[in-house]
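Given next, in structure tokens, is a single chain: the form predicted on its own.
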Amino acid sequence: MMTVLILAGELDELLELRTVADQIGAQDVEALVPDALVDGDTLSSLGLKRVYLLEGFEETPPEELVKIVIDLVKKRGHGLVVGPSKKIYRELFARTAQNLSSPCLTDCTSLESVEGSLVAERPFLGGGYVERLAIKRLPALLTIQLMGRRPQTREKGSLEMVRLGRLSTEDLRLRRVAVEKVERRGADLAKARVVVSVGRGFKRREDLKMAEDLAQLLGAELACSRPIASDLGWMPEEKHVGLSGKWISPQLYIAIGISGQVQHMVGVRNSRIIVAVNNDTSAPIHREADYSVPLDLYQFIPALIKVLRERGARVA
């Protein structure tokens, strides 16, 4: 029976990764989480055998977390280590895998057990294809794309909690001088039912107000393509959807001024309905959209907002 170790910094991450462990039939599951994540009722209902509480989890650099993960894997014999597809875990798992001479796969979209072997799926060649990889050697380390999965309901059971304490500053080769918390606004995009997303079709940062007004009328969350967050800095990185950002699956996805290159579409492909607003009729997003609006966003969006306001429309 394989032992699985889950690394998670937030409760939602832990819940989803517990679901992934269920999908491969894992019975012996442990977790390494921040000590601030202590929620006895919730944790005891996840069927976890043991939870390791690390003080200062969020402030500990990946290169120092490596020591803790390696120590746990060697002592407990974990066959699989999973974490969310975030920058910190990609770096942490790569460093850990190198030290353990273990396989490491990032951005996996699914994991299943096939005839006794673990098989993972992940984007390939910029997201244009999906590759299926059989994991032949354990322990293996995988980062998983979060898609709003939730674990099965269980009866509360016994749970052992182990406090690891904070690493001594003398043990840290890199030391953080300061930590500035990023102000997060709005709900988690992975949970949003309606998402309005903006791209390079917007000429000025101030023009995003149109999309904000539309999102408010629709009860939607606001997102963006990579250039808006990474290149222009008009929106925070947490709002970026696409191959290297958030992967979402809303009921309705409205893309405004987005060309729809494959790297973007990978992150929104699981949307139930995609509406594209782009006056470039040759833009790739029109081939992916369920509904295409080949009009100038500066004319169409204000007109749509006006109609919605007149009708008093608001989608919950």
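From 1 onward, residues are counted along the sequence shown. Since this is a predicted model, take the numbers as computed values, not measurements.
In what follows, reference is made to the form predicted in complex with a small molecule, a form of this protein that is not presented.
Considering the small molecule in the model of the complex, the lone stretch of 277-285, 43-51, 58-66, 24-32 in range is 277-285 [heavy atom distance within 4.5 Å]. At least one heavy atom of residue 259 is located within 4.5 Å of the small molecule in the model of the complex. Proximity of residue 143 to the small molecule in the model of the complex: non-hydrogen atoms within 4.5 Å are absent; the residue sits far from the partner.
In the model of the complex, at least one heavy atom of residue 241 sits within 4.5 Å of the small molecule.
Mapping the unseen interface onto this chain, residue 103 falls outside it, with no heavy atom inside 4.5 Å of the small molecule in the model of the complex. Listed residues 123, 245, 139, 83 were compared with the small molecule in the model of the complex; 245 is the one with a heavy atom within 4.5 Å. Residue 297 is the only one of 14, 297, 20, 304 with a heavy atom lying within 4.5 Å of the small molecule in the model of the complex.
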